[in-house]
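Below you'll find only one chain, the form predicted on its own, shown as structure tokens.
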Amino acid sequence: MSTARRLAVVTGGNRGIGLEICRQLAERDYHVVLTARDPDRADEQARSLDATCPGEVSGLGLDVVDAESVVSAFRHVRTHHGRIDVFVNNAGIAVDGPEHRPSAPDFTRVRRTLETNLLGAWRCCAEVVPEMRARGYGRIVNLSSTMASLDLTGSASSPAYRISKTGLNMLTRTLAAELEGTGVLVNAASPGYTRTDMSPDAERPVEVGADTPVWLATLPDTGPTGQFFFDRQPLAW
């Protein structure tokens, strides 16, 4: 890896918005470590992008709900690449839906959602922050959702998903406050209702959904921190 080439780690990078984020970063000449729970799938997608993009792309197995997997994956990145400049928290699940109500919670689904969308993201942040703080440079992007906005919520549906992403927003705010002035910028992004395997009926192209996360991942030093964005515009918390 060139000493001038930034290195980005993306979780859940094997499909959908995560894969498109990896592609757009590699198009900008980043070295992208595309991670997924299935290391073979990660390697397959990484090889495909690496063959077509100006940057470099390598695959790595990483399961955000498995603490040992998280520690091992980031140790691998530090050992083999020597730096972590950008981290995109993209891995997430949506396992409750219109029929799930906060007054009748299915705590199996609630715990599974929180473990992935909030605690998994938090584990990963804890791994990348020391490296970024020591280097005086870092960009952390948390993939949130418009459904996490307190101001915009008027529906009872999908409480586990909404609450997990609202918690992720608070992680964004508190981590940004802790890292203010260190050169590490931490922001949240809503990709919008984007057409992926999780939402095949959506009309929003994946290229558009990935644009704001990539913009936040490549911010200049004067860029914002501790903010929530949709289509590169501030979104109400």
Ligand SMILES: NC(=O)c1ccc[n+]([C@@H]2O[C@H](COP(=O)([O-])OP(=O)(O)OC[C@H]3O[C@@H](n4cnc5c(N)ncnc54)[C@H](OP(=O)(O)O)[C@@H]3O)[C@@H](O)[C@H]2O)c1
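Numbering starts at 1 and runs along the sequence shown. This is a predicted model, so every value here is computed, not measured.
Although not depicted, the form predicted together with the ligand is the subject of the following passage.
K.L.:
Residues in which of 100-108, 76-84, 160-168, 128-136 have heavy atoms within 4.5 Å of the ligand in the predicted complex?
P.N.:
Only one stretch qualifies here: 160-168.
K.L.:
Would L62 sit within 4.5 Å of the ligand in the predicted complex, counting heavy atoms only?
P.N.:
Because a heavy atom of L62 falls inside 4.5 Å of the ligand in the predicted complex, the answer is yes.
K.L.:
According to a 4.5 angstroms non-hydrogen atom cut-off, is L143 in contact with the ligand in the predicted complex?
P.N.:
L143 belongs to the contact set for the ligand.
K.L.:
So, in the predicted complex, is P191 in contact with the ligand at a 4.5 angstroms heavy atom limit?
P.N.:
Yes - in the predicted complex, heavy atoms of P191 and the ligand come within 4.5 Å of each other.
K.L.:
Could you tell me if A91 has a non-hydrogen atom within 4.5 Å of the ligand in the predicted complex?
P.N.:
Yes - in the predicted complex, heavy atoms of A91 and the ligand come within 4.5 Å of each other.
K.L.:
Quick one: name the residues from 14-34 with any non-hydrogen atom within 4.5 angstroms of the ligand in the predicted complex.
P.N.:
Residues within 4.5 Å: N14, R15, G16, I17, G18.
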